[in-house]
Structures are given as C-alpha cells and as structure tokens.
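Shown next as structure tokens: one chain only, the form predicted alone.
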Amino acid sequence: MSTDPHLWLRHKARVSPYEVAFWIAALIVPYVLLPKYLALASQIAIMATFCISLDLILGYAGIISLGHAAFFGIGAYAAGILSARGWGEPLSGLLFAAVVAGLAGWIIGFMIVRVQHLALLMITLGLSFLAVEVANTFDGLTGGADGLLGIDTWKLFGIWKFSIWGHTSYAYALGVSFLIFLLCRRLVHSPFGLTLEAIRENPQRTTAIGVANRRHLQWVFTLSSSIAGIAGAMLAQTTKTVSLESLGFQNSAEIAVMLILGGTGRLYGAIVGTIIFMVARDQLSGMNPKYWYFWIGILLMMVVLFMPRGILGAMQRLAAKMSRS
C-alpha cells in the first residue's frame, strides 16, 4: 500500500459491502420482522448516536469522561423546553439543541483540555452532578424532579406523526443517526482525525512538532457535545418527556459500558455495543426487573477480561486470523 497519507485515508474511508448491508438491514428488519419493537429500536438508534459522540472524545482523542450525559441532557431540555413553549418542529429543535449543547461543550472544553487522568475524571463527574442540581433548582423551567412535561412534537415534514408505536420515531432516529455516523466517519478518516489519534498516543511529541493540542481537543469536544445534545433532543421529541436522569451519572456510566462492550476507537463498536446493551437490558429486565444489572456486570467483566478491545475488536482479530489461515 502507498505511504501517501492521503491515499491511506481514502483507502480507510472506502465503504464496504458489509456496511451497506448493515444499514439496509437496520432500516428494513425492524419494520418487517420486529414491528412490535420499533419503540425499542428508535431508542437504540438514539443511544447509538450518543455512544458515537462519546467514542469521538474517548476512542479517538483519549478524553475520558464520566459526565457526558450532561450534554445529552442539555440537548434534551433545550429541545423539550422549546417544544413546551410552543415550537415543536423536530428538525429545528435538533439544530437548537446542537447549538446549545455545543456552546456548553465549548465553554467546558477550556477546562477539560487543561487536565488529564484523575483530575479529568473528577471534573467530568462533577459536571454531571452539577447539571442535575441546576436542572432541579430551576424547576419552573425544567419541571425539576417531576420531569419536563407538555412537549408537543409536530409532524415530521408536516406529514408523519410521532406515535407510541414508533413508526415515525424509528425512521427519524435512524436517519439522523446515519447522517451523524457519516459525518463522524468522514472526520476520523481525515487529517484532523489522524491528528487526534496522534495526540491521544503521544501528546508530548505532537506538541514538539507544533500541533495545537488544546485547540484540536476543544474542537472535537465541542462537536461531541453537539452530537450528544442531538441525541438527547431526539429522545425528548420521540418520548415527549425529559427527566433529571437524562443528565445523571447513571446515564453517563451506561453509555460508557455500551462503548466498552462494542470497542472504543471504532464507530461501529459504539453501534454494536449499544445494540447488545439495550437488547440485553430489555430482555433481562423483563425476566428479572430487580437484578438485571447483575448480568450486565457479568457481561462487562467477561468482555474486559477476554476481549479487551471490545466485541467488534475481537471479531476483527478473528476475521484476520481466518483470512491468514
């Protein structure tokens, strides 16, 4: 293969037939084979978008966050409040949520890019707790512990109504998730994406050769925050409610588990991990609502012990061994 980095990037960015088949199946299978699970499928698409946003900063830039749900919740409340105040058009609500969450990410980013390791964990964790308390304090705007009610999402393009059956919700969530995926795929297979990986692997060396580490990290953190806000807005628009849990630490922890299950540094790892976690949660909570987290914990430990690069990473290694044999 050529050593030209631009040719290498173009090679990495090629769309494989497996990817095309995956997205076609994602569109067709829920409607044809699993119509009763469209509401769950729409939540999977939304959380996959959220997980991709975390993968951008953790898997590619090396920014560890335990409070990424703060931006998810900010986006949810932004779109929800906009709708509750009389403007329920979904696409402009997504844009508004992306701007608000991105602005919050840009401001927080000034602090995030200046710390590492334990300090970074503590700051992001504190951000999550702070966001919950702020939302709870301004209960006249957010609904506080009772949640934000009165959300009225208008018909998509003035034609398709959002219903409890999830037909419109799934198409909407999958379409937005697909566009976000394409954007992130283009980003990570660009010189900017390569720079982020170089910063993650050796920040001292990139600084020595003149790379503006903090500026690159702040930009990707802002983009990640906007995408998380879009995911939160989709959840608010499709479920027509927002609660404090959307901002909380548990939401951040769950999305991190999804990413670890699928494999960090692989956008499809975020999607695979989300599917496995959400389906497992749905099935396990149905069998035992009280102890289903126990089995999720067992699954996570097994993956970390035997598949340290996640399920997708293990599948890629297995495929490489089979191709060599």
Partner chain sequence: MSQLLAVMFDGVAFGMLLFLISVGLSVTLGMMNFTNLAHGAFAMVGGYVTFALASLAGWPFLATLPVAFLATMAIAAVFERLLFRYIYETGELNQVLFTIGFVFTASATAAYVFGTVHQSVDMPAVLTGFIELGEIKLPSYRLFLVAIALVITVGVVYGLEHTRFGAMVRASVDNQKVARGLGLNVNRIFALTFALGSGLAGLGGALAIEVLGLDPSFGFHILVLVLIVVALGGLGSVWGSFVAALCLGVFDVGGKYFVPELGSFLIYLFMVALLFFRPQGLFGKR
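Positions refer to the first chain, counted from 1. The structure presented is a predicted model; accordingly, all values stated were derived computationally and were not measured.
One more form of this protein should be noted, the form predicted in complex with its partner chain, which is absent from this view; the next part is about it.
Residue contact with its partner chain in the predicted complex: Leu261 places a heavy atom within 4.5 Å of it.
Contact annotation: Leu300 falls within 4.5 Å of its partner chain in the predicted complex, judged by heavy atom distances. For the chain shown alone, Trp154 is not a contact residue for its partner chain in the predicted complex, no non-hydrogen atom being within 4.5 angstroms. In the predicted complex, its partner chain stays beyond 4.5 Å of every heavy atom belonging to Met315. Though its partner chain is absent from this view, in the predicted complex it lies within 4.5 Å of a heavy atom of just one residue from Leu103, Leu95, Ile123, Leu141, which is Ile123. Shown without its partner, the chain has Met122, Ile123, Leu125, Gly126, Leu127, Phe129, Leu130, Glu133, Val134, Thr137 in segment 120 to 138 as residues with a non-hydrogen atom within 4.5 angstroms of its partner chain in the predicted complex.
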